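Single chain ahead, written as structure tokens, the form predicted on its own.
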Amino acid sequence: MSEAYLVKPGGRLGGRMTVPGDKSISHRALLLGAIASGTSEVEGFLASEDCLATMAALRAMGVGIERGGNRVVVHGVGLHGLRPAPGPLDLGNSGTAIRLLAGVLAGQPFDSELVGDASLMRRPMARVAAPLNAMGARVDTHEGCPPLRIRGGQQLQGIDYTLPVASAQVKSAVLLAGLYAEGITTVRGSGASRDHTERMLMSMGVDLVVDEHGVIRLTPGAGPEAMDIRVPGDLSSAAFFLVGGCLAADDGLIIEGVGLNPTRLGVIGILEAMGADITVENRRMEGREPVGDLRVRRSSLKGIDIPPAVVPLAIDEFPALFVAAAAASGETRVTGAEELRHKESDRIAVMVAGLRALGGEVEERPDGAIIHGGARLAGGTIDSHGDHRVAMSFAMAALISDGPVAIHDTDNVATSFPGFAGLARAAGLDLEVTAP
């Protein structure tokens, strides 16, 4: 039986807390550490199911990795030191892992097959296969979805590629394949997509430059060289508590040591435009990544039109933002967010259905929704469809509900936020983990 949450109304958030390490950076620290020369030590690693799937795949290809809690030591094998896995590599629920690994494996001398759980096997992969195949790789999909079957021994060529949609995962796959290609690999049109891959590659000595127009050029030959990495707290995980704090932190809630990469700040900007009282304290740099402490207080939120241009900056945080919109006075319009339909669930449809199940008034649109906020929710039962971010978002919805919120199918919360339930209780949420 799958796990479920029962969250009672009336919670009040406060105190100081830390959230687990950034999932995007943890994936990249493992992957780049594995193909680097030398040994990398990673502090603050997120031991989530997604990141552990990446770790297992790399170990299956001969990479030595030691883990103790949130500290990981990766013994890099160099660009050409990976070995064939004994069978298909199972990446669980992780879209990041399957797409980034595809870029690395496109340049290997051996064949590979990448699979995942039922959700991952439905997610679109043609978007990553197409540019890799344009580089000379042989990447086959099943009707555009996993499994990904990658033929080894292909000579890759650098290409000049314009992303049809801003996507950090596709961009990263192309850049990682570029490490194995002849000639320069150029990526354009990345827009505001997250840039953790570029920052880490540059830190590891790879010849990568980003010009004033955001055009990325990678010249193979140098690096990557091993380095020590400190992973900051994940802003995507902090987002649930930022929203919860806006709803119920009378005396303030402080979230310490959160990554503040400029390509990830969309959720803070959107909440501030809605009237959120959020301040950043103790700003600092850890490696090439900016970090700070976030203080949030109960706020009078108002509905806004969210500009499509900022959607890529907050794509993973929209489930939480839907809850903020339900609490806000007036109407919030989300447009240009069709990408939400291709996540672990169809997040537009699932969030609309969930808010309606709690008595909210929401209009679904092909690329977003119109949320009519301002009224307290009634409580009710939510089907999270196995989507971790949906489950955690509706846990915060209990703060504006008149009755309990029961959230089914919450097992996958561990894919990004192990320990969420305990941390939420410590912050003041009245949450019980149950079986249906």
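All values reported here derive from a predicted model rather than from experimental measurement. In this text, residue numbers run from 1 along the sequence as written.
In what follows, reference is made to the form predicted together with a small molecule, a form of this protein that is not presented.
K.L.:
Would all three of Ser167, Arg194 and Asp316 be in contact with the small molecule in the model of the complex, where contact means some heavy atom lies within 4.5 Å?
P.N.:
Yes, all three are in contact.
K.L.:
Quick one: of Thr96, Gln154, Thr141, Thr219, which gets a non-hydrogen atom within 4.5 angstroms of the small molecule in the model of the complex?
P.N.:
Of the listed residues, the single hit is Thr96.
K.L.:
Which one of Lys343, Arg295, Arg199, Arg230 is close to the small molecule in the model of the complex, taking close to mean a heavy atom within 4.5 Å?
P.N.:
Going through each option in turn, the one that passes is Lys343.
K.L.:
Of 133-141, 204-212, 269-277, 168-176, which is the one stretch near the small molecule in the model of the complex, taking non-hydrogen atoms within 4.5 angstroms as near?
P.N.:
It is 168-176 that comes within 4.5 Å of the partner.
K.L.:
Heavy atoms within 4.5 Å of the small molecule in the model of the complex: does Ser24 have any?
P.N.:
Yes.
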